[in-house]
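Here we start with a single chain on its own, the form predicted alone, put down as structure tokens.
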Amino acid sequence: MNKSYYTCLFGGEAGYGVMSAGSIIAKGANRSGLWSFVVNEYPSLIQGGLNSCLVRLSDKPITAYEETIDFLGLFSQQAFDCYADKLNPGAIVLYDATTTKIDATKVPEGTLLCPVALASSIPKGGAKIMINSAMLGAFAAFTGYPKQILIDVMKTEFHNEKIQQENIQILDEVYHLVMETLSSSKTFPFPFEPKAEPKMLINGNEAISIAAIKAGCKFSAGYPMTPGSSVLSYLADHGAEYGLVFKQAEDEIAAINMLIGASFAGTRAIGSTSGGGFALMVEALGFAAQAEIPLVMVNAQRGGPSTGLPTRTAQADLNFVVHASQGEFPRIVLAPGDIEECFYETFRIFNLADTYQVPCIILTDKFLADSSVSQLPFATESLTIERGKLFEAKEQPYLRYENTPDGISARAIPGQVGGRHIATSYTHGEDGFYSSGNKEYALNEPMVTVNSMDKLYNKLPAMEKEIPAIKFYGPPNADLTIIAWGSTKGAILEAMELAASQNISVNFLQILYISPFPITATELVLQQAKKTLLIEGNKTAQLGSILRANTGHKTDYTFLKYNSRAFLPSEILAKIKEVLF
């Protein structure tokens, strides 16, 4: 068999270990020289509903997923009804006939239907979640995926030795049952390397959390909101090892004000939420801007408006985040497109926040936040922490908001001798005093107001020069230039590979930092573009409107997807062909 990818999907209600089954297979592949991409889907329910875990495996790095399935492991009837039409010809369907009825007319010709008594393999009194160990045993037997690799992963997953042994025994017994009584197809196409360099299986939120710790972040606060919550839970679970304090606040408003307070006190801090929580934070966002207090926030987008689709993906908060809060002020908005950018750019954005003393927002989405990918260890040797301009006691009198050519004034930490100042949300002069609160300032209010606003915006030239705002992929003289941001990156890159294999010439302009918008760098690319295609996960082409406002360029074509699922390489390739031919 000559396959580039092999895709497994496990589906069933919560409580059957659907996610764990997929995760164990992916981790085993990671340790054996293969690469994996894991996509979890689940409804916004406390219990029940259809959960699925898709694992795409390959012998080369993977940046996206496809919905077509080579192995379907069913824990419920609903899973079959939902995924039967996604099966590739020759796929394996593994199910327990006591819980799932298979309609053979709904699967492609050549599908191998494999009934196994999964539920009866659980010992009397055993937890129903153990059924995933039975599923894994049958999976190994049918596909040829090495059983011992799965067992080795299970030994590290279960810390309770009794539970570990019980699950391994179930896996082993079902494996031998299948091998002795049923035909095994051995369809798994890739060789395993027992001594391969191990890789991490890591998602976007984990990469952001690790980067925050590496950047010296010592405080985090938040109120849980999917899909941003897992940044908070990671830092709550692991932060103490690195001297990080985590506080679950009573709501999002309290959380962001705690973050601002920590930063005002000189401590690097990060918060994480989703669109609804970010909406509650915007007044404080403006406070951080007016008081010039560094702030790092994560907004992991989900479907909206309002509560919308709490556990599904979207790219529809862009305009909101770029313009959030009353008044106007510069901010930095980063839209990482993959795991490496989640890590390295999060580390960088802490430095940018301190250097420019502005609010910084990391704009991801559920797909990037929640999908796990094989990743080699990050190279951290060259990463350095930069705290920006800091006050030195010899500088007197101290003007916290001194008008400097680059708009950046030295920060004093509370308690620092000679550094007394006022941090206020009111428009203020160089010393921080309120512009109309006393007679002297009232007389100069128009001038103070203009100077204060100009000071904020004087930071822009240096920001635009320093920030690595775009990335460009592909041949410079391609027939089509794709423009996109965020998590669509992986699917676009794979679609470009597919296009190149068919002699179709495409390049890709990734807008990595959307605010301040990289006008000059973008215009240079657009000047060379023959045709442009905008790809976004929203209804109204939000990046397109920002692009047009800043450069005057209206893309020739758009491809918008807002059905709660991420882009697939195959559908992007189809759109490329539609545009070019």
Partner chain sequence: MAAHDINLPYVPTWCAGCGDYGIFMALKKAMTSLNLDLEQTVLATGIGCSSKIGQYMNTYRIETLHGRSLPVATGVKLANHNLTVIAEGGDGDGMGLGMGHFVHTARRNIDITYFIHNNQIYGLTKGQSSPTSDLGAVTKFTPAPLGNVEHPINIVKMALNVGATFVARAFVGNSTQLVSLMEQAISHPGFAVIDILQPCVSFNHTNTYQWYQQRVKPIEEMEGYDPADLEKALTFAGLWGEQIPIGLYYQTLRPTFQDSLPQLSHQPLAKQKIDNIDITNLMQKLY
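Keep in mind that this is a model prediction, so the values were computed, not measured. Numbering follows the first chain given and starts at 1.
A second form of this protein, the form predicted in complex with the partner chain, is not displayed here; the remarks below concern that form.
The stretch from 166-174, 417-425, 307-315, 475-483 that comes within 4.5 Å of the partner chain in the predicted complex, counting heavy atoms only, is 417-425.
Contact here is defined as any heavy atom lying within 4.5 Å of the partner chain in the predicted complex, and by that definition each of R31, K199 and R268 is a contact residue. In the predicted complex, the partner chain sits within 4.5 Å of a heavy atom belonging to K214. In the predicted complex, the partner chain sits within 4.5 Å of a heavy atom of Y242.
Mapping the unseen interface onto this chain, P108 falls outside it, with no heavy atom inside 4.5 Å of the partner chain in the predicted complex. When the partner chain is considered in the predicted complex, A412 lines it closely, a heavy atom lying within 4.5 Å. In terms of contact with the partner chain in the predicted complex, the residue from P89, P405, P377, P191 that brings a heavy atom within 4.5 Å is P377. R387 is the sole member of R387, K155, K471, K186 with a non-hydrogen atom lying within 4.5 angstroms of the partner chain in the predicted complex. Counting a residue when any of its non-hydrogen atoms is within 4.5 Å of the partner chain in the predicted complex, there are no hits in 145-166.
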